[in-house]
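Coming up is one lone chain in structure tokens, specifically the form predicted on its own.
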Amino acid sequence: MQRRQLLLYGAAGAGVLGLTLFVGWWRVDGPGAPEPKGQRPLPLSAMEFRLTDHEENEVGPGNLIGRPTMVFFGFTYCPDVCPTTLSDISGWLEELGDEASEMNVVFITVDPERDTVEAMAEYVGYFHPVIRGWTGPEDQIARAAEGFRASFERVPTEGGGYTMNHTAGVFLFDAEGELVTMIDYHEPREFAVPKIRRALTEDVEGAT
């Protein structure tokens, strides 16, 4: 009898823990998460910044208008969020098949001190070939983040080093440069891919 009660209590505790974790995911990383900094990103046409891509081309928000766009902020020294998200994005692009080539997909560094053009080229080479890496002066990175309403900060670590905290969601825009939605960190593929297809569909409808 006592063992039976312990098993029941254990099952109930596991259920409560599972519900708590799900609610936490929903509020922090899932569909219930707030938009970065509590503000809607500007249209791409209203942003002003100049960066350099991983092939040494000058780029800016104007390069993103005309195709649906995904943008993610991060850095190459990121231990988990960035490689996980870029791997997720690569998986979404694989699922899109030929449609992936119809999109702009950009990874903007928040750590330009270490993320040179060469570093970005090496890093994005580990992921889907559609993904572009953008870097540049710190003030231009800040202007880009401000336009997207993304946030980042440098955090000192032991031994004199540092890491970066940053917005973890993926920004999804239509071909006209208007925000469609956010794709949250660790959002399941069955939710993320339909959002991307929606942006592609809006692109087709706008062209007809």
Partner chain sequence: MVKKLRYTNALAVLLTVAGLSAPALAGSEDVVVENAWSRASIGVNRPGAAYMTVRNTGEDAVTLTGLATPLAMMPEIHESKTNSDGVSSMAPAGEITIEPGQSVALEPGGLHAMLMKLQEPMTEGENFPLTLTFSDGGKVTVEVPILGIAARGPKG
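Here the structure is a predicted model, which means the values were calculated and not measured. Positions refer to the first chain, counted from 1.
The discussion below concerns the form predicted together with its partner chain, not included here.
inquiry  = Given the stretches 152 to 160, 139 to 147, 42 to 50, 57 to 65, which is the single one in contact with its partner chain in the predicted bound form, using a heavy atom cutoff of 4.5 Å?
reply    = Correct option: 152 to 160.
query = Is residue 91 a contact residue for its partner chain in the predicted bound form, using a 4.5 Å heavy atom cut-off?
reply = Answer yes; at least one heavy atom of residue 91 falls within 4.5 Å of its partner chain in the predicted bound form.
query = Is there a non-hydrogen atom of residue 167 within 4.5 angstroms of a non-hydrogen atom of its partner chain in the predicted bound form?
reply = Residue 167: contacts its partner chain in the predicted bound form.
inquiry  = I'd like to check something about residue 79: if you look in the predicted bound form, is any of its heavy atoms closer than or equal to 4.5 Å to a heavy atom of its partner chain?
reply    = The answer is yes: residue 79 has a heavy atom within 4.5 Å of its partner chain.
task = Decide whether residue 122 counts as a contact residue for its partner chain in the predicted bound form under a heavy atom distance cut-off of 4.5 Å.
result = Output for residue 122 is yes: heavy atoms within 4.5 Å of its partner chain.
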